[in-house]
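Presented below, as structure tokens, is a lone chain in the form predicted alone.
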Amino acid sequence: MLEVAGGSEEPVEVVEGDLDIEYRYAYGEYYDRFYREMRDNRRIMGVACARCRCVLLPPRPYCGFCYEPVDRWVELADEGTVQTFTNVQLPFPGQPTEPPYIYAFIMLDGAAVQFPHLLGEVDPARARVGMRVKAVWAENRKGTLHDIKYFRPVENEG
């Protein structure tokens, strides 16, 4: 029984099963350029807000900090610093790859927001917040986030 507001109880029916929902997503002008730049030029592009000077990634038409329209494109480094990460051991629908893998939020040099992506070429026991990483680009890029295979630790970081 489920207790609801007012103290009454109602029977609850549990339905178990899998739900697989297919959908299509239209990139729009900003994401279209973002993915084309990665595919064609191996460049990570963001947009800079003239008002608060934040550089947004992925790019969007309005600043998420001060809500001003943004249209000045800037190239970001393909290196940055791990802000947080998790070591994924169990499978779930929609994963970018088969476990185990490390999923991290990376502050790319010059950006004001974190960029989520995979870490590679790193022992999970050695992954750490503050680690410097660099993008490893896919050889055959298709205009998706997978154009970056993963981020690897920067050598000789001391």
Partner chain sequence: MARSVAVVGTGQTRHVSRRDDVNMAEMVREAALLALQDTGLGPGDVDAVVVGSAPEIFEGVNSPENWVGPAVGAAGKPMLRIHTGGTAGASAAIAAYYHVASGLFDTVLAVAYEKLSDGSAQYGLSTCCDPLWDRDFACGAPALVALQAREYMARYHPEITEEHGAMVAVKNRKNALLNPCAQLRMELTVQDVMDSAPVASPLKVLDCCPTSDGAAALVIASGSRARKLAARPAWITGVGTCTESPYVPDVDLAYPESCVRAAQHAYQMAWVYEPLKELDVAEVYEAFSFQELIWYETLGFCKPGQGGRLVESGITKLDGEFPVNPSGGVLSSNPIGASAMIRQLEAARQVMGKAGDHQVGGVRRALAHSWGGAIQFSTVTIFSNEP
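Quick caveat, the model's predicted, so the values are computed rather than measured. Residue numbers count along the first chain shown, from 1. By rigid core we mean the largest C-alpha set that fits within 1.5 Å across both forms.
From this point on, the text means the form predicted in complex with the partner chain, which you will not see here.
**Student:** Verify the contact flag for Asn87: yes if a non-hydrogen atom of it lies within 4.5 Å of a non-hydrogen atom of the partner chain in the predicted complex, no if not.
**Tutor:** Yes, contact at 4.5 Å.
**Student:** Answer yes if any heavy atom of Pro93 is within 4.5 Å of a heavy atom of the partner chain in the predicted complex; otherwise answer no.
**Tutor:** Yes, Pro93 sits close enough to the partner chain in the predicted complex that at least one of its heavy atoms falls within 4.5 Å.
**Student:** Considering only heavy atoms, tell me if Leu57 and the partner chain come within 4.5 Å of each other in the predicted complex.
**Tutor:** It does: once the partner chain is placed as it appears in the predicted complex, Leu57 has a heavy atom within 4.5 Å of it.
**Student:** Using the partner position in the predicted complex, report whether Cys52 sits within 4.5 Å of the partner chain, counting heavy atoms only.
**Tutor:** Output for Cys52 is no: heavy atoms all beyond 4.5 Å of the partner chain.
**Student:** Within 4.5 Å of the partner chain in the predicted complex, counting any non-hydrogen atom, which residues from 104-119 show up?
**Tutor:** The stretch touches the partner through Ala104, Phe105, Val113, Gln114, Phe115, Pro116, His117, Leu118.
**Student:** Would you say Glu139 moves between this form and the one not shown, meaning its CA shifts by 2 Å or more once the core is fitted?
**Tutor:** No, the C-alpha position differs by under 2 Å between this form and the one not shown.
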